[in-house]
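Okay, so we've got the same protein chain twice, two forms, each given alone as structure tokens, structure 1 and structure 2.
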Structure 1
Amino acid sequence: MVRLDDFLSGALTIAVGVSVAIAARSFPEVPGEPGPALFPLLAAGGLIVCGIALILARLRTTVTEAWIERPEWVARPRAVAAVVWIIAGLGLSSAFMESVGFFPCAILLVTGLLALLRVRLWIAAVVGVAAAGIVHAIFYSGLRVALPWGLLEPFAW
């Protein structure tokens, strides 16, 4: 919940990009098709480029501010709750995705986040279901990566 100097943010962004690239290299290859590693590798490349850009921009300026400072949104409980919801939700989703399934995890994550951000509950639920469906279609049909069905296995197509 702190604001990092652009140099530190850039270094962290590069480290995340390199980590994603290393992890994506272990994904299986699909002969004649891009395969499941394509988008993670593209994202990793984008992260690395953005990290380098942040570092270069910081080196070109003379900033006298602190390298680390608390942003003002930390004083707003809903904003902090939304950040905690995302981090905890992603962690719990990765732990229970196989048994519970992608659809319930994604719907709960998106709907809960939108509800925390004061979106009407029925709109949050509709957006949560739609987002889960769109992401599933992209992975299942476009990338041919099967997401876990979990509890919804009897309804799998």
Structure 2
Amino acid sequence: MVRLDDFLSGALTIAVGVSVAIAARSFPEVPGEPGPALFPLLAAGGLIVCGIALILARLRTTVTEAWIERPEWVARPRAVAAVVWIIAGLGLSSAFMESVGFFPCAILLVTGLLALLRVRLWIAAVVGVAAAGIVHAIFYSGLRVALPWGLLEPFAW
């Protein structure tokens, strides 16, 4: 993951605080109560103060590192592919698992990641299918979690 110089992390902390504060200012007031804006504003204020403190602490040291340190793994396609696979896999599952169903999502997620982690493809596929089946048996049949069937709805049990 990218590593930021404390100057930048401080600035980022301030930015988060400021955006929370701006959003919170539009919250309505409630007569006779402190209102829903108070706590977000307090937290935002805290973030801004901490951000300033981070920057001040940083100013007292001398610069030795790059401002943004690029992680070394971006040079390795396989590592990048694995990260993208996890993000895309979970992101797409979040968006489409209801309609596509648990099995395709789970099998693809596991098989693909296994393959990217240098497991032979046929083993990856077998493990993927078996894992999806076992997890489904535990959660759906055993613990009665309503894992979506999606496309496989007509074959549901």
Partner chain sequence: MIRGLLFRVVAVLMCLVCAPAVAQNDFPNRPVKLVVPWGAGGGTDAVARMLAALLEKDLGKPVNVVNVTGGSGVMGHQTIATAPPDGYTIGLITTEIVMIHHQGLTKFNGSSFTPLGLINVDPAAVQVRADSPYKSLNDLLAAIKANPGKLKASGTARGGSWHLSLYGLLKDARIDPTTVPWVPSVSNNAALLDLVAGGIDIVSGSHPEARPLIEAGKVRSLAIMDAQPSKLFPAVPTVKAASGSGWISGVWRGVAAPKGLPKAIEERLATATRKAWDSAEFRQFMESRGFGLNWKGPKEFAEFLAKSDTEAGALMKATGLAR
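All values reported here derive from a predicted model rather than from experimental measurement. Here the rigid core means the biggest group of C-alpha atoms that line up within 1.5 Å when the two forms are laid on top of each other. Each residue is numbered by where it sits in the sequence of structure 1, with counting from 1.
Legend: structure 2 corresponds to the form predicted in complex with the partner chain, while structure 1 does not. S26: CA moves 2 Å or more between structure 1 and structure 2 after rigid-core fitting. Core-superposed comparison between structure 1 and structure 2: the C-alpha position of I86 differs by less than 2 Å. In the core-superposed comparison between structure 1 and structure 2, the C-alpha atom of V100 has shifted by less than 2 angstroms. In the core-aligned comparison between structure 1 and structure 2, the Cα atom of V74 sits 4.0 Å away from its counterpart.
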